[in-house]
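One chain is shown next in structure tokens, namely the form predicted alone.
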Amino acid sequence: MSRQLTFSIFRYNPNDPSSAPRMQEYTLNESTGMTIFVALNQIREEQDPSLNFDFVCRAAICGSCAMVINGRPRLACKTLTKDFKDTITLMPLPVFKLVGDLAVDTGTWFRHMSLKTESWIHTNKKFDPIAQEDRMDNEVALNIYESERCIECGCCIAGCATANIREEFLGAAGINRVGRFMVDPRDERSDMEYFEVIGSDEGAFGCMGLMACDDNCPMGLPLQLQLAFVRRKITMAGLKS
């Protein structure tokens, strides 16, 4: 016999003056292999079409369905209901602007982060569309790929104590992005130029070392190792200057 699940879901429409933040409960029967995403869709289709939450890929690739599930940032499409007791609490990610209910605007935050860290290859080489691509060692390519696995879901930011206190903190996602370009041989920026971008308490030196980013990353990225690498590089650049 399937369990009956109770979902306590945060409800609030910031664009409606008559709306007030509240928790609303829904019940439904658990099905085999049910994820939080499947449950939310079932609730919206069968009980409450006004419920807001984000999703795109349903395969833990896009990061859109990130939310706080029983107190921890997770992806709804990757989280199975069988791993919890029969009462599950769902809240929107903190730090990001609330769109409504469980939906938040992560796009604006990540765009700001990309611009602040200048997340593109900096080179003086003139682009030749017919030239052969530059060769790259497999080890270097794998190091770049490891950082590129970030899906910008916002779970590391939502679980970060500093990001919850300080609006301008770049968080693990921003530091990881800088580390990705530090190991890319095509990027011609010096360590001192990277220091100007992230060598402050808004960047690598603002981390409290609580490791919530590592704990909450749904892709299993070694974010604390990346922080240590970036912090070491820019510390040496600062000492040399």
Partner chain sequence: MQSSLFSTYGYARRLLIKIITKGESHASTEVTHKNPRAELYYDIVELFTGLTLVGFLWTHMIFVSTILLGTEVYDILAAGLDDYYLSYIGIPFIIIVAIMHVLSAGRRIPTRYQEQKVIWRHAKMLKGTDTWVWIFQVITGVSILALGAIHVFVVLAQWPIDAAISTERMTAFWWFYLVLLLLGEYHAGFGIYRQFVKWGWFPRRPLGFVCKVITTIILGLGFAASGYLMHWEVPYEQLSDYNH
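Numbering follows the first chain given and starts at 1. Fair warning: this is a prediction, and the values are worked out from it, not measured in the lab.
Form predicted together with the partner chain: not shown, discussed below.
So in the predicted complex, are E118, G209 and R232 all sitting within 4.5 Å of the partner chain, heavy atoms only?
Yes: each residue has a heavy atom within 4.5 Å of the partner.
Only one of 55-63, 35-43, 198-206, 176-184 has heavy atoms within 4.5 Å of the partner chain in the predicted complex; I'd like to know which.
Correct option: 198-206.
Look up in the predicted complex whether A228 has a non-hydrogen atom within 4.5 angstroms of the partner chain, and give yes or no.
Result yes; A228 sits at the interface with the partner chain in the predicted complex.
Would S241 show up as a contact with the partner chain in the predicted complex if we use heavy atoms at 4.5 Å?
Output for S241 is yes: heavy atoms within 4.5 Å of the partner chain.
So in the predicted complex, does any heavy atom of E139 sit within 4.5 Å of the partner chain?
Although the partner chain is absent here, E139 would stay clear of it in the predicted complex, with no heavy atoms inside 4.5 Å.
Using the partner position in the predicted complex, report whether Q132 sits within 4.5 Å of the partner chain, counting heavy atoms only.
Contact with the partner chain, no.
Hey, which residues along 97-136 are within 4.5 angstroms of the partner chain in the predicted complex, non-hydrogen atoms only?
T108, W109, R111, H112, L115, K116, E118, W120, H122, N124, in sequence order.
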